[in-house]
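Only one chain is shown below, in structure tokens, and it's the form predicted on its own.
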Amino acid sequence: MKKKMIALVLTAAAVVTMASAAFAASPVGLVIDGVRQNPSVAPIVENGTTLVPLRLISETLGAEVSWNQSAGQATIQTAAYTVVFTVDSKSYTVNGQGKTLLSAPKLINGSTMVPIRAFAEAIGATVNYDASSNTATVDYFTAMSGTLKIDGSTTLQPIAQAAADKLTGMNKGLSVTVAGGGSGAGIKDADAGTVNIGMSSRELTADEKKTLNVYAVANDGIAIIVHPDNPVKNLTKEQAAKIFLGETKNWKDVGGEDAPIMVMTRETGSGTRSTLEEMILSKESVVETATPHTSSTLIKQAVAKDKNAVGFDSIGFVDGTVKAVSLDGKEASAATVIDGTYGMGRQLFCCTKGAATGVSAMFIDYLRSKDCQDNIVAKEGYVKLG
């Protein structure tokens, strides 16, 4: 009888051990903001710590990653935090403050695996682990609350508005107001503290950067637009410059019909206008007789109504109502902006008074996240961040 009891105990122990081993070996599920992830390298649990692919978690939460090969260090930068991990080291830093991990990051099948709880909680996200389903759940963009006021560039406005609609739909306690007004207004209002985030379609000056932190959120190109019935299909930079400076006044001089050129422009303070003047007008101003318009939508509508009109707008606003002419033989498109061959590519920015914090930082992180870049930036006709 005693031998039988020992045999039963050993058998039960073996079953438990095998079940535990099978469970430990099963892939760890990962859900971020309600969406189940399918990383190429599955998350693992080591010493009670869940390790996940760094690239996946960073892109999903809107962080930028830089890699120091010689030091084996990965630096992850969000709008508000800088987290530095070192492969095979339990020491890491958050905004320069040293901390200690339970399990060190490691390389698995060429992928850098980092402790998800340490990274997520460092940037303000929450992590929960459900043992019954062997799943780690991260809440970041689904855990936003508060009030945000955003204004500025009308070029960036559609992206910000779509992001605001998505995030407020995910968070009942979040309110976001997005307005235009131009890049100049966005920069000024952010500096004055009347908005949380200013939007700009131009680079900020050195003086502006003394008080404002700047975050690139998308790429773009400025298209020269004409009426769809205008036969002109291509302009050189020199031809375009002479048109907007008022030196070329008739379409026949650039291969079009014998008709006066009606120049449309954005208002003073527009980031799109200042970028055009910087890039092709040698910092000279658009001709004074040009008709000004206070938004990307309005200048597009003006060109769409006048067969002899010419203007300029973000490629994100170009649709069937206007025609974008090529510049030096290069089409104004996402592809030519990405490869650098189009002559008027640029970045779009958000800015905050000092470093972004709290819900402002989370909103900027969302703008830079894979979800926003794929499903808002690209679908709105703009160009994703590299």
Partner chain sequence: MRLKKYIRDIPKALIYLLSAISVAVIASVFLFIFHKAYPVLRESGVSLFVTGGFDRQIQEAFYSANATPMLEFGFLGLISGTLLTSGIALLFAAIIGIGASTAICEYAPRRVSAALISVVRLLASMPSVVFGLIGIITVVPAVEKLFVTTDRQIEYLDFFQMSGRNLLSASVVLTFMIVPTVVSLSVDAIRAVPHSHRETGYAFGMSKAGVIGKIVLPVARPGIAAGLVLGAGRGIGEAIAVSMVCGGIGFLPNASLGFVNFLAPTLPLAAAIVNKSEALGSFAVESALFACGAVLLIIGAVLSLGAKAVEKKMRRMAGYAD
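Residue numbers count along the first chain shown, from 1. Note that this is a predicted model, so its numbers are computed, not measured.
Not on display, but discussed next: the form predicted in complex with the partner chain.
Of the candidates K149, K237, K249, K106, K249 is the one whose heavy atoms come within 4.5 Å of the partner chain in the predicted complex; the others do not. The single contact residue among T82, T294, T142, T168, judged by any heavy atom lying within 4.5 Å of the partner chain in the predicted complex, is T294. For the three residues D207, S274 and A290, a heavy atom within 4.5 Å of the partner chain turns up in the predicted complex in every case. The partner is not drawn, yet in the predicted complex one stretch among 229-237, 214-222, 175-183, 110-118 has residues with heavy atoms inside 4.5 Å of the partner chain: 175-183. In the predicted complex, S270 approaches the partner chain with a heavy atom inside 4.5 Å. Proximity of I261 to the partner chain in the predicted complex falls within the 4.5 Å heavy atom cutoff. Contact check for R202: a non-hydrogen atom falls within 4.5 Å of the partner chain in the predicted complex. In the predicted complex, the partner chain lies within 4.5 Å of some heavy atom of N308.
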